[in-house]
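Encoded as C-alpha cells, the following chain is the form predicted on its own, with no partner shown.
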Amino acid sequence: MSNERKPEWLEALQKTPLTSRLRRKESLKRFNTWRIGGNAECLVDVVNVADLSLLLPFIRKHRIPWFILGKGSNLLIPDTYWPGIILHLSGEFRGWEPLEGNSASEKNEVVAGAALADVTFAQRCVTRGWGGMEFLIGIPGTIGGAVAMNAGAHGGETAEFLKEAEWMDMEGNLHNSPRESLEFCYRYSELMGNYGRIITRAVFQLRESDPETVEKNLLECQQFRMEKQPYNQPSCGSVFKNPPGDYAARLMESSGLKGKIRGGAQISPKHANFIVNNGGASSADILSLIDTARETVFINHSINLELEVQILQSAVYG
C-alpha cells in the first residue's frame, strides 16, 4: 500500500535542523473541530519563524503536497491518508504583545501570532478596554485563519481592524504588508496558504473603549453563540457563505433541511448552516449532507450556495 512506503523526501526532512517536532502517520482528527479525518504522512508542529523558513523552501523543492492549519475550525479533512506534510503552527506563533505607540495613529495596537486562538485574543482585549473585535469570542479558530478568511460575525470583520500582516512566501522570505495593499472581501483574502502566502503574525488597531463596555459586548456575543448555535457539538461553524441579501441558514431551513441526518452527521436542528458530528461521522457523511443541501436549496430558491468551509487538498507547491 502507498501509505506504508517511506517517501523519498522524508529522510531529508528528518535531517533538516529543526527545533519543531515531526510526527509520522499522525491522526488529524484532533486537529480540526469536526473531529474527522485520516492520518497524515508527516505533521510538523512548527514552533518558530526560523523553522518555517526552512520548511517552506523544502516543500517547494521536493514538490510535496502540503497544508497549513491552526485549529482546523473551518476545514473538512477527508478520512483518507494524506501523503504529504501538514504544518501546524504553535510555539512563538501564539504570541500577543501590545504595542506602545506615541502618536494617535499608533494607539490601541497589538501584534498577535498566527496561532493565537481567536477566543484568547478577544479575552485579552477586555482588560485594555480595546473594542471592536469582540466577535472573535464566537469563532473557534486562530488569528492566522481569521485574517486569511476575513472572519467576522455580528456585523464586524477582521479586515476592519487589521493594520499590517506579516507573511512568508514559499522561498522562506518574510514580508510585511499594510492593510491597504491587500485585497479583502467577504470570507476571502489573498493571504491564504494555498496561494503560497503563510501568515505569521498580524498587527491590529482596536477602538478605544473601557473594560466594562468591551466585556459586556463580549458576553453578548458569547451568549448569542450559546443560544443560537450548537456550540457543544463538533462542527466547522458555518458551512456555507451567506448569499447577497440573504442567509444560508434561512434558505436551508425553509427548504426543510434542518435535522437531516446522514450516518453520524446531521444538519443541526438548532442552526441550519451548521453540520454537526453526532458521533462517528465520516467525511463522506458530511459531504453527502453538503451536496443534499446545495441541491435542495437550488431547487427551492434557484440559489447556488457557496462553501465557506475548506476541504483539505494539496496546496500549490509554490
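Just so we're clear, the structure is a prediction, and the values are computed from it rather than from any experiment. Residue positions are given as counts along the sequence shown, with the first one as 1.
In what follows, reference is made to the form predicted in complex with a small molecule, a form of this protein that is not presented.
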query	finding
Met133: touches the small molecule in the predicted complex, heavy atom cutoff 4.5 angstroms	no
Any non-hydrogen atom of Arg207 within 4.5 angstroms of the small molecule in the predicted complex	no
Heavy atom of Leu191 within 4.5 Å of the small molecule in the predicted complex	yes
is_contact(Ser255, the small molecule) in the predicted complex, heavy atom dist at most 4.5 Å	no
Proximity to the small molecule in the predicted complex (heavy atom, within 4.5 Å), stretch among 230 to 238, 78 to 86, 243 to 251, 123 to 131	230 to 238
Position in contact with the small molecule when the complex is considered in the predicted complex, options Ala159, Val119, Ala153, Met170, heavy atoms within 4.5 Å	Ala153
Listed residue (Arg197, Arg94, Lys216, Lys107) with a non-hydrogen atom within 4.5 angstroms of the small molecule in the predicted complex	Arg197
